[in-house]
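Quick heads-up: it's one chain on its own, the form predicted on its own, in C-alpha coordinates.
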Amino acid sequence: MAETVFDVVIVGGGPAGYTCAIRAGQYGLKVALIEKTDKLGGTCLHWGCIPTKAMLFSAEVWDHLKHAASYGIDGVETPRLNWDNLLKRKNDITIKHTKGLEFLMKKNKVTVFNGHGRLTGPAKDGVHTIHVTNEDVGKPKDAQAEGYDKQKPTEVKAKKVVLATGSDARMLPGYKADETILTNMEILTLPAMPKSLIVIGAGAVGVEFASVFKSFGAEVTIVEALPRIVNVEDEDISKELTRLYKKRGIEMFVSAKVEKIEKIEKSGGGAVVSFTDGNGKAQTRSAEKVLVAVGRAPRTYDCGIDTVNIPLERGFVMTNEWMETTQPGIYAIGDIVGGLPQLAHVGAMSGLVVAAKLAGKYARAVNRQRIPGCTYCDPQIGSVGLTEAQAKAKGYDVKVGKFPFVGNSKATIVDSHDGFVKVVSDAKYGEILGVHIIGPQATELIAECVTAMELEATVEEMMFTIHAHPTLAESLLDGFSSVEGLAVNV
(Lines give C-alpha, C1' and ligand atoms only; values in the text may rest on other atoms or scores of the structure.)
Protein backbone atom coordinates (compact mmCIF):
# COMPACT_ATOMS: atom_id res chain seq x y z
CA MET A 1 0.00 0.00 0.00
CA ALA A 2 2.95 2.32 0.65
CA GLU A 3 3.66 2.47 -3.08
CA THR A 4 0.10 3.49 -3.94
CA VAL A 5 -0.30 7.15 -4.84
CA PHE A 6 -3.83 8.28 -4.09
CA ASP A 7 -5.50 11.16 -5.89
CA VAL A 8 -6.39 12.62 -2.51
CA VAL A 9 -5.75 11.78 1.13
CA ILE A 10 -8.05 13.28 3.76
CA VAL A 11 -6.84 13.62 7.34
CA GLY A 12 -9.79 13.40 9.72
CA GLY A 13 -12.94 11.28 9.60
CA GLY A 14 -15.57 13.71 10.89
CA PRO A 15 -18.41 15.18 8.78
CA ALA A 16 -16.04 17.34 6.74
CA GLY A 17 -13.59 14.53 6.06
CA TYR A 18 -15.93 11.62 5.43
CA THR A 19 -18.23 13.72 3.22
CA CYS A 20 -15.27 14.83 1.12
CA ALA A 21 -14.07 11.22 0.87
CA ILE A 22 -17.47 9.88 -0.21
CA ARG A 23 -18.00 12.53 -2.87
CA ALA A 24 -14.43 12.16 -4.19
CA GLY A 25 -15.04 8.42 -4.44
CA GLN A 26 -18.32 9.03 -6.28
CA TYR A 27 -16.37 11.12 -8.79
CA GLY A 28 -14.04 8.18 -9.40
CA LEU A 29 -10.97 9.47 -7.58
CA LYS A 30 -8.66 7.12 -5.67
CA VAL A 31 -9.23 8.21 -2.06
CA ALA A 32 -7.61 7.56 1.31
CA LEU A 33 -9.09 8.68 4.63
CA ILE A 34 -6.98 8.82 7.80
CA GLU A 35 -8.81 8.73 11.15
CA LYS A 36 -6.89 8.60 14.43
CA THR A 37 -9.63 6.70 16.29
CA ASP A 38 -11.16 3.35 15.41
CA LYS A 39 -14.51 4.98 14.58
CA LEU A 40 -15.49 7.33 11.79
CA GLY A 41 -17.85 10.24 12.48
CA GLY A 42 -15.75 12.62 14.53
CA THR A 43 -17.00 14.83 17.34
CA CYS A 44 -20.33 15.42 15.59
CA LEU A 45 -21.40 11.79 15.55
CA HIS A 46 -19.90 10.65 18.84
CA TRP A 47 -19.74 13.70 21.12
CA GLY A 48 -21.69 16.50 19.47
CA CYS A 49 -24.57 16.94 17.05
CA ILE A 50 -26.05 13.45 17.04
CA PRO A 51 -25.95 12.35 20.69
CA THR A 52 -27.02 15.76 21.98
CA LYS A 53 -30.00 15.87 19.63
CA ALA A 54 -30.95 12.36 20.72
CA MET A 55 -31.05 13.63 24.31
CA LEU A 56 -32.98 16.73 23.24
CA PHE A 57 -35.59 14.53 21.55
CA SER A 58 -36.00 12.51 24.75
CA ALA A 59 -36.41 15.79 26.64
CA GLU A 60 -39.05 16.94 24.15
CA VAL A 61 -41.04 13.73 24.58
CA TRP A 62 -40.71 14.09 28.34
CA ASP A 63 -42.08 17.63 28.20
CA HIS A 64 -45.06 16.46 26.13
CA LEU A 65 -45.77 13.73 28.68
CA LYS A 66 -46.22 16.42 31.31
CA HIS A 67 -49.35 17.50 29.41
CA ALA A 68 -50.50 14.04 28.30
CA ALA A 69 -53.92 14.36 29.93
CA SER A 70 -54.72 17.49 27.93
CA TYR A 71 -53.91 15.55 24.76
CA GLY A 72 -56.45 12.90 25.71
CA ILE A 73 -53.89 10.40 27.00
CA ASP A 74 -54.43 9.06 30.53
CA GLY A 75 -52.26 6.83 32.68
CA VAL A 76 -48.97 8.69 32.40
CA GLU A 77 -49.40 11.05 35.33
CA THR A 78 -46.22 9.86 37.02
CA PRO A 79 -43.63 9.04 34.33
CA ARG A 80 -40.20 7.99 35.58
CA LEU A 81 -36.95 8.93 33.91
CA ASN A 82 -34.81 5.91 33.01
CA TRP A 83 -31.42 7.57 32.58
CA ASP A 84 -29.68 4.33 31.60
CA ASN A 85 -32.13 3.71 28.76
CA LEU A 86 -31.84 7.33 27.63
CA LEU A 87 -28.07 6.90 27.33
CA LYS A 88 -28.50 3.52 25.65
CA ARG A 89 -30.73 4.99 22.96
CA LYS A 90 -28.24 7.81 22.41
CA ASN A 91 -25.41 5.29 22.07
CA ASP A 92 -27.40 2.98 19.81
CA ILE A 93 -28.01 5.86 17.41
CA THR A 94 -24.30 6.68 17.16
CA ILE A 95 -23.41 3.00 16.69
CA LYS A 96 -25.96 2.66 13.88
CA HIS A 97 -24.59 5.63 11.99
CA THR A 98 -20.98 4.63 12.61
CA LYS A 99 -21.70 1.32 10.90
CA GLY A 100 -23.39 3.26 8.12
CA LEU A 101 -20.20 5.23 7.51
CA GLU A 102 -18.13 2.05 7.41
CA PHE A 103 -20.47 0.75 4.71
CA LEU A 104 -20.24 3.99 2.73
CA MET A 105 -16.43 3.84 2.76
CA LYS A 106 -16.52 0.38 1.22
CA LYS A 107 -19.27 1.32 -1.23
CA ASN A 108 -17.25 4.27 -2.53
CA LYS A 109 -13.90 2.45 -2.50
CA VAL A 110 -12.34 4.72 0.12
CA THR A 111 -9.26 3.24 1.79
CA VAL A 112 -9.34 3.96 5.53
CA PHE A 113 -6.18 4.17 7.65
CA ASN A 114 -6.61 4.21 11.45
CA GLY A 115 -3.89 6.28 13.07
CA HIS A 116 -2.58 9.77 13.65
CA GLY A 117 -1.78 11.45 10.33
CA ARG A 118 0.87 14.13 9.96
CA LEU A 119 2.16 16.10 7.02
CA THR A 120 5.88 15.54 6.42
CA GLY A 121 6.63 18.56 4.25
CA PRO A 122 5.85 20.04 0.84
CA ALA A 123 5.11 17.77 -2.09
CA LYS A 124 8.04 16.11 -3.84
CA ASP A 125 7.57 15.64 -7.58
CA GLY A 126 3.89 16.45 -7.08
CA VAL A 127 3.34 13.82 -4.36
CA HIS A 128 2.62 14.51 -0.69
CA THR A 129 3.55 12.05 2.05
CA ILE A 130 1.53 11.62 5.23
CA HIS A 131 2.97 9.66 8.14
CA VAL A 132 0.39 7.58 10.00
CA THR A 133 1.37 6.40 13.47
CA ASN A 134 -0.35 4.37 16.15
CA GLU A 135 -0.98 7.17 18.63
CA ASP A 136 -3.74 8.68 20.70
CA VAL A 137 -4.10 12.45 20.22
CA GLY A 138 -0.43 12.70 19.30
CA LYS A 139 0.85 10.99 22.43
CA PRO A 140 2.76 7.72 21.86
CA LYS A 141 1.34 4.62 23.44
CA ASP A 142 3.50 2.06 25.20
CA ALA A 143 6.14 1.10 22.62
CA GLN A 144 5.29 -2.56 23.19
CA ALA A 145 1.55 -2.13 22.78
CA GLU A 146 -0.13 -3.21 19.56
CA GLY A 147 3.17 -3.38 17.74
CA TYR A 148 3.64 0.38 17.86
CA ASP A 149 6.95 1.56 16.45
CA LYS A 150 7.34 5.30 16.19
CA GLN A 151 10.39 4.81 13.97
CA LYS A 152 8.36 3.09 11.28
CA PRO A 153 5.17 5.02 10.49
CA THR A 154 2.94 3.98 7.65
CA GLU A 155 3.44 6.28 4.67
CA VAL A 156 0.39 7.37 2.71
CA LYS A 157 1.13 9.18 -0.53
CA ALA A 158 -1.25 11.38 -2.52
CA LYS A 159 -1.34 14.08 -5.15
CA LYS A 160 -3.58 16.27 -2.96
CA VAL A 161 -4.14 16.54 0.80
CA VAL A 162 -7.24 17.70 2.63
CA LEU A 163 -6.88 18.57 6.31
CA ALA A 164 -10.06 17.97 8.31
CA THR A 165 -8.76 17.41 11.82
CA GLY A 166 -11.63 19.06 13.69
CA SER A 167 -11.64 20.81 17.05
CA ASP A 168 -11.46 20.30 20.80
CA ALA A 169 -13.66 21.75 23.52
CA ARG A 170 -12.04 24.76 25.17
CA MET A 171 -11.57 24.72 28.92
CA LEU A 172 -11.25 27.66 31.26
CA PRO A 173 -7.58 28.42 32.01
CA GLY A 174 -6.27 26.50 35.00
CA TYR A 175 -8.92 23.78 34.93
CA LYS A 176 -9.27 20.38 33.34
CA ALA A 177 -12.29 18.22 32.67
CA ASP A 178 -13.18 15.57 35.25
CA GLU A 179 -16.27 14.03 36.87
CA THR A 180 -17.46 17.42 38.17
CA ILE A 181 -16.19 20.02 35.70
CA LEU A 182 -17.48 18.83 32.34
CA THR A 183 -17.15 19.49 28.63
CA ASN A 184 -19.56 18.28 25.96
CA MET A 185 -17.84 14.87 26.19
CA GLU A 186 -18.12 14.13 29.90
CA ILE A 187 -21.69 15.38 30.16
CA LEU A 188 -22.82 12.80 27.60
CA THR A 189 -21.66 9.90 29.76
CA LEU A 190 -22.84 10.97 33.23
CA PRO A 191 -23.80 7.84 35.17
CA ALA A 192 -26.82 9.58 36.69
CA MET A 193 -29.03 12.57 36.06
CA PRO A 194 -27.71 15.51 38.15
CA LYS A 195 -30.13 17.49 40.28
CA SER A 196 -28.35 20.77 39.53
CA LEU A 197 -26.14 22.15 36.78
CA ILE A 198 -24.23 25.37 36.18
CA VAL A 199 -23.55 26.10 32.52
CA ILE A 200 -20.67 28.45 31.75
CA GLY A 201 -21.27 29.79 28.25
CA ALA A 202 -24.55 30.46 26.44
CA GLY A 203 -23.78 29.59 22.86
CA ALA A 204 -25.53 26.69 21.12
CA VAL A 205 -23.89 23.97 23.26
CA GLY A 206 -24.62 25.76 26.53
CA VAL A 207 -28.28 26.55 25.90
CA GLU A 208 -28.97 23.09 24.45
CA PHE A 209 -27.68 21.25 27.51
CA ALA A 210 -29.40 23.77 29.76
CA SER A 211 -32.64 22.92 27.96
CA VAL A 212 -32.16 19.15 28.28
CA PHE A 213 -31.40 19.10 31.98
CA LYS A 214 -34.07 21.65 32.88
CA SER A 215 -36.67 19.51 31.11
CA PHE A 216 -35.65 16.55 33.26
CA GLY A 217 -36.00 18.58 36.44
CA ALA A 218 -32.53 19.87 37.25
CA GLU A 219 -31.96 23.33 38.68
CA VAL A 220 -30.02 25.14 35.94
CA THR A 221 -27.98 28.33 36.03
CA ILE A 222 -26.35 29.90 32.96
CA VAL A 223 -23.34 32.20 33.32
CA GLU A 224 -22.41 34.07 30.11
CA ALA A 225 -19.56 36.53 29.61
CA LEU A 226 -21.19 38.34 26.68
CA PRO A 227 -24.07 40.84 27.04
CA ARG A 228 -26.70 38.35 25.85
CA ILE A 229 -27.22 34.63 25.37
CA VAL A 230 -26.87 33.07 21.89
CA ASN A 231 -24.93 36.20 21.01
CA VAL A 232 -24.46 35.30 17.32
CA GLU A 233 -28.21 35.47 16.76
CA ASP A 234 -30.40 38.49 16.02
CA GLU A 235 -30.95 40.50 19.19
CA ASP A 236 -34.70 39.82 19.15
CA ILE A 237 -33.97 36.07 19.17
CA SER A 238 -31.74 36.47 22.23
CA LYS A 239 -34.43 38.48 24.02
CA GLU A 240 -37.11 35.89 23.28
CA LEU A 241 -34.99 32.94 24.39
CA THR A 242 -34.07 34.82 27.56
CA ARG A 243 -37.75 35.46 28.28
CA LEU A 244 -38.72 31.85 27.68
CA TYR A 245 -35.80 30.40 29.65
CA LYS A 246 -36.71 32.58 32.61
CA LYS A 247 -40.28 31.36 32.21
CA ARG A 248 -38.95 27.79 32.42
CA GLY A 249 -37.11 28.66 35.63
CA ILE A 250 -33.57 28.79 34.26
CA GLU A 251 -31.48 31.36 36.12
CA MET A 252 -29.28 33.49 33.85
CA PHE A 253 -26.43 35.92 34.27
CA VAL A 254 -24.95 37.84 31.31
CA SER A 255 -21.92 40.13 31.12
CA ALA A 256 -20.61 37.89 33.89
CA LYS A 257 -16.98 36.99 34.60
CA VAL A 258 -16.18 33.63 36.19
CA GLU A 259 -13.58 34.08 38.92
CA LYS A 260 -13.08 30.50 40.08
CA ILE A 261 -14.57 27.03 40.35
CA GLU A 262 -14.07 25.26 43.66
CA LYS A 263 -14.90 21.61 44.14
CA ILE A 264 -16.88 20.58 47.17
CA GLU A 265 -14.91 17.80 48.83
CA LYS A 266 -17.46 16.81 51.45
CA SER A 267 -20.07 14.11 50.95
CA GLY A 268 -22.15 14.72 47.85
CA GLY A 269 -19.44 16.61 46.03
CA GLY A 270 -20.28 19.19 43.43
CA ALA A 271 -18.73 22.58 42.90
CA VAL A 272 -19.12 26.26 43.70
CA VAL A 273 -18.74 28.79 40.91
CA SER A 274 -17.77 32.32 41.90
CA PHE A 275 -18.38 35.08 39.38
CA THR A 276 -19.02 38.78 38.99
CA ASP A 277 -22.41 39.55 37.47
CA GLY A 278 -23.25 42.26 34.94
CA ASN A 279 -23.71 44.82 37.70
CA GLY A 280 -20.27 44.16 39.14
CA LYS A 281 -21.71 42.25 42.11
CA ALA A 282 -19.93 39.15 43.40
CA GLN A 283 -22.07 36.01 43.07
CA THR A 284 -21.71 32.33 43.95
CA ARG A 285 -23.76 29.37 42.85
CA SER A 286 -23.28 25.71 43.70
CA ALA A 287 -24.33 22.64 41.73
CA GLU A 288 -23.62 18.94 41.35
CA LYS A 289 -22.04 19.50 37.94
CA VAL A 290 -20.50 22.38 36.02
CA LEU A 291 -20.53 22.39 32.23
CA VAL A 292 -17.90 24.52 30.53
CA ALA A 293 -19.24 25.47 27.08
CA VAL A 294 -16.99 28.33 26.00
CA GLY A 295 -16.26 27.32 22.42
CA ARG A 296 -13.97 25.00 20.52
CA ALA A 297 -10.30 25.23 19.57
CA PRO A 298 -9.04 24.14 16.14
CA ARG A 299 -7.07 20.88 16.23
CA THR A 300 -4.08 22.09 14.23
CA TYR A 301 -1.38 21.64 16.85
CA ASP A 302 -0.18 18.19 15.81
CA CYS A 303 -0.88 17.45 12.16
CA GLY A 304 2.44 18.57 10.68
CA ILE A 305 1.31 21.99 9.52
CA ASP A 306 4.63 23.38 10.73
CA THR A 307 6.43 21.23 8.14
CA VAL A 308 4.71 22.99 5.22
CA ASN A 309 4.82 26.57 6.49
CA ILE A 310 1.07 27.15 6.41
CA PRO A 311 0.49 30.23 8.59
CA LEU A 312 -2.08 30.00 11.38
CA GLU A 313 -4.26 32.74 12.82
CA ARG A 314 -5.21 32.00 16.43
CA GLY A 315 -4.68 28.35 15.57
CA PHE A 316 -6.95 28.41 12.50
CA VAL A 317 -5.94 27.67 8.91
CA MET A 318 -6.85 30.42 6.46
CA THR A 319 -8.01 29.39 2.98
CA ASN A 320 -9.38 30.95 -0.18
CA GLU A 321 -12.99 30.42 -1.27
CA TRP A 322 -12.10 26.97 -2.67
CA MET A 323 -10.62 25.88 0.66
CA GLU A 324 -7.04 26.00 -0.68
CA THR A 325 -4.27 26.85 1.79
CA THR A 326 -1.14 28.82 0.95
CA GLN A 327 0.68 25.53 0.31
CA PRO A 328 -0.01 24.15 -3.19
CA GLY A 329 -1.99 20.93 -3.17
CA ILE A 330 -3.09 21.21 0.46
CA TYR A 331 -6.70 22.08 1.38
CA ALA A 332 -8.42 22.61 4.73
CA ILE A 333 -12.06 22.06 5.65
CA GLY A 334 -14.20 21.93 8.77
CA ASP A 335 -13.59 23.37 12.22
CA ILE A 336 -9.93 24.24 11.57
CA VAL A 337 -10.78 26.86 8.92
CA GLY A 338 -10.73 30.48 10.02
CA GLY A 339 -13.60 32.78 9.09
CA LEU A 340 -16.26 30.07 8.88
CA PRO A 341 -18.55 28.92 11.69
CA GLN A 342 -17.64 25.62 13.32
CA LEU A 343 -20.69 23.73 12.12
CA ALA A 344 -20.86 20.18 10.79
CA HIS A 345 -22.86 21.19 7.72
CA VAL A 346 -20.34 23.89 6.83
CA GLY A 347 -17.50 21.38 6.99
CA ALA A 348 -19.48 18.85 4.97
CA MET A 349 -20.31 21.34 2.23
CA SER A 350 -16.69 22.50 2.14
CA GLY A 351 -15.74 18.88 1.62
CA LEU A 352 -18.15 18.57 -1.30
CA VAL A 353 -16.70 21.73 -2.84
CA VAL A 354 -13.13 20.44 -2.57
CA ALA A 355 -14.02 17.02 -3.99
CA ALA A 356 -15.72 18.63 -6.98
CA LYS A 357 -12.78 20.94 -7.65
CA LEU A 358 -10.29 18.06 -7.46
CA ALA A 359 -12.39 16.02 -9.88
CA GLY A 360 -12.82 18.92 -12.29
CA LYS A 361 -16.57 19.07 -11.68
CA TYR A 362 -18.94 21.99 -11.17
CA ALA A 363 -18.80 23.54 -7.71
CA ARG A 364 -19.99 26.64 -5.89
CA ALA A 365 -17.93 28.12 -3.10
CA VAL A 366 -19.42 28.32 0.39
CA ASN A 367 -21.24 31.64 0.83
CA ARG A 368 -20.94 32.91 4.39
CA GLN A 369 -24.35 34.61 4.15
CA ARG A 370 -26.11 31.40 3.10
CA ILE A 371 -25.12 29.24 6.06
CA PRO A 372 -27.99 28.21 8.33
CA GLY A 373 -27.39 28.31 12.05
CA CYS A 374 -29.45 25.89 14.12
CA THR A 375 -29.78 25.59 17.88
CA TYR A 376 -31.89 22.68 19.11
CA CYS A 377 -32.95 24.03 22.49
CA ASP A 378 -36.60 24.47 23.45
CA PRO A 379 -37.74 26.52 21.64
CA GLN A 380 -35.55 25.84 18.64
CA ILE A 381 -33.63 28.55 16.78
CA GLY A 382 -32.93 28.64 13.04
CA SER A 383 -31.32 31.56 11.26
CA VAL A 384 -29.59 32.53 8.04
CA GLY A 385 -28.10 35.71 6.62
CA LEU A 386 -27.77 39.12 8.23
CA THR A 387 -29.28 40.15 11.53
CA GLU A 388 -31.19 43.42 11.61
CA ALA A 389 -28.22 45.19 13.22
CA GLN A 390 -25.75 43.77 10.68
CA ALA A 391 -27.95 44.81 7.75
CA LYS A 392 -28.20 48.36 9.06
CA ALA A 393 -24.45 48.47 9.66
CA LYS A 394 -23.89 47.52 6.03
CA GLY A 395 -25.96 50.51 4.91
CA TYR A 396 -29.12 48.76 3.75
CA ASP A 397 -32.47 50.51 3.93
CA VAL A 398 -33.84 47.80 6.16
CA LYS A 399 -37.45 46.67 6.23
CA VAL A 400 -38.41 44.08 8.85
CA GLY A 401 -41.38 41.77 9.18
CA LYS A 402 -42.28 39.68 12.21
CA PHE A 403 -44.92 36.99 12.63
CA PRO A 404 -45.65 35.26 15.97
CA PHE A 405 -46.28 31.51 16.09
CA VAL A 406 -49.32 32.20 18.25
CA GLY A 407 -51.08 33.03 14.96
CA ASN A 408 -50.16 29.69 13.36
CA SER A 409 -52.76 26.95 13.75
CA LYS A 410 -50.29 24.06 13.50
CA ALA A 411 -48.18 25.59 16.28
CA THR A 412 -51.27 25.51 18.48
CA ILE A 413 -51.97 21.91 17.47
CA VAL A 414 -48.47 20.79 18.50
CA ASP A 415 -48.76 22.87 21.68
CA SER A 416 -45.75 25.02 20.87
CA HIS A 417 -46.83 28.55 20.03
CA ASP A 418 -44.06 30.63 21.60
CA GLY A 419 -41.62 32.49 19.35
CA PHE A 420 -41.76 34.12 15.95
CA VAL A 421 -40.44 34.41 12.40
CA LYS A 422 -38.45 37.56 11.67
CA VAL A 423 -37.56 38.57 8.11
CA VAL A 424 -34.90 41.20 7.43
CA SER A 425 -35.12 42.66 3.93
CA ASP A 426 -33.89 45.49 1.73
CA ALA A 427 -36.70 48.01 1.31
CA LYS A 428 -35.61 49.13 -2.16
CA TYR A 429 -35.54 45.81 -4.02
CA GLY A 430 -37.24 43.38 -1.65
CA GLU A 431 -34.06 41.32 -1.31
CA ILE A 432 -34.18 38.88 1.59
CA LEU A 433 -31.16 39.72 3.73
CA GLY A 434 -31.81 37.36 6.63
CA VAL A 435 -34.43 35.22 8.32
CA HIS A 436 -34.46 34.47 12.05
CA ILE A 437 -36.82 31.95 13.61
CA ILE A 438 -37.39 30.93 17.21
CA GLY A 439 -40.15 28.42 17.76
CA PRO A 440 -41.34 24.91 16.88
CA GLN A 441 -39.20 23.08 14.30
CA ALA A 442 -37.24 26.25 13.54
CA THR A 443 -34.24 24.11 12.58
CA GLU A 444 -36.31 22.48 9.83
CA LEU A 445 -38.16 25.61 8.69
CA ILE A 446 -34.94 27.54 8.07
CA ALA A 447 -34.10 25.31 5.08
CA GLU A 448 -36.78 27.01 2.97
CA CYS A 449 -35.28 30.38 3.80
CA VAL A 450 -31.77 29.27 2.81
CA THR A 451 -33.16 28.01 -0.50
CA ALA A 452 -35.05 31.24 -1.12
CA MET A 453 -31.93 33.31 -0.50
CA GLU A 454 -29.74 30.97 -2.57
CA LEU A 455 -32.14 31.40 -5.51
CA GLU A 456 -32.35 35.15 -4.88
CA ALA A 457 -36.10 35.14 -4.31
CA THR A 458 -37.64 38.43 -3.22
CA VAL A 459 -40.07 39.05 -0.39
CA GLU A 460 -42.81 39.58 -2.97
CA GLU A 461 -42.11 36.24 -4.66
CA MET A 462 -42.22 34.42 -1.31
CA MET A 463 -45.52 36.15 -0.50
CA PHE A 464 -47.06 34.35 -3.47
CA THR A 465 -45.47 30.96 -2.86
CA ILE A 466 -48.21 28.56 -1.76
CA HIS A 467 -47.65 26.88 1.58
CA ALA A 468 -49.79 23.92 2.65
CA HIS A 469 -52.32 24.34 5.46
CA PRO A 470 -52.12 23.60 8.31
CA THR A 471 -48.35 23.56 8.60
CA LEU A 472 -45.66 25.29 10.61
CA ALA A 473 -44.22 26.33 7.23
CA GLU A 474 -47.21 28.64 6.79
CA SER A 475 -45.56 30.84 9.40
CA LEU A 476 -42.98 31.67 6.72
CA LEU A 477 -45.68 32.81 4.31
CA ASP A 478 -47.01 35.11 7.02
CA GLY A 479 -43.47 36.08 7.96
CA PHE A 480 -42.58 37.27 4.48
CA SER A 481 -45.98 38.94 4.14
CA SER A 482 -45.46 40.78 7.40
CA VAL A 483 -42.60 42.72 5.80
CA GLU A 484 -45.31 44.55 3.85
CA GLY A 485 -47.69 44.62 6.79
CA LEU A 486 -49.86 41.99 5.12
CA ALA A 487 -49.64 38.92 7.37
CA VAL A 488 -53.07 37.30 7.33
CA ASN A 489 -53.09 35.41 10.62
CA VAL A 490 -52.22 38.14 13.07
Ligand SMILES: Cc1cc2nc3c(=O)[nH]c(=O)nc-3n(C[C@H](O)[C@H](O)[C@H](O)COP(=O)(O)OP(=O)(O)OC[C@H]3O[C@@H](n4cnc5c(N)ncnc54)[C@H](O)[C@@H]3O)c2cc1C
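Start at 1 and count along the sequence shown; that's the residue number. Because the structure is a prediction, the values reported are computed rather than measured.
Absent from the display: the form predicted together with the named molecule. The rest refers to it.
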Self-check item: Heavy atom distance at most 4.5 Å to the named molecule in the predicted complex, all of 11, 164 and 184
Solution: yes
Practice problem: Please name which of the stretches 336-344, 72-80, 318-326, 397-405 has residues with heavy atoms lying within 4.5 Å of the named molecule in the predicted complex. | Solution: 336-344
Quiz prompt | Of 253, 376, 245, 216, the one that lies within 4.5 Å of the named molecule in the predicted complex (heavy atoms) | solution = 376
Quiz item: Of 459, 44, 449, 424, which one comes within 4.5 Å of the named molecule in the predicted complex, counting heavy atoms only?
Solution: 44
Quiz item: Closest heavy atom of residue 441 to the named molecule in the predicted complex, within 4.5 Å or not?
Solution: no
Quiz prompt | 4.5 Å heavy atom contact, residue 30 to the named molecule in the predicted complex | solution = no
Quiz item: Any of the heavy atoms of residue 205 lying within 4.5 Å of the named molecule in the predicted complex?
Solution: yes
Quiz item: Would residue 53 count as touching the named molecule in the predicted complex under a 4.5 Å heavy atom rule?
Solution: yes
Quiz item: From first to last in sequence, which residues of 402-416 have any non-hydrogen atom within 4.5 angstroms of the named molecule in the predicted complex?
Solution: none
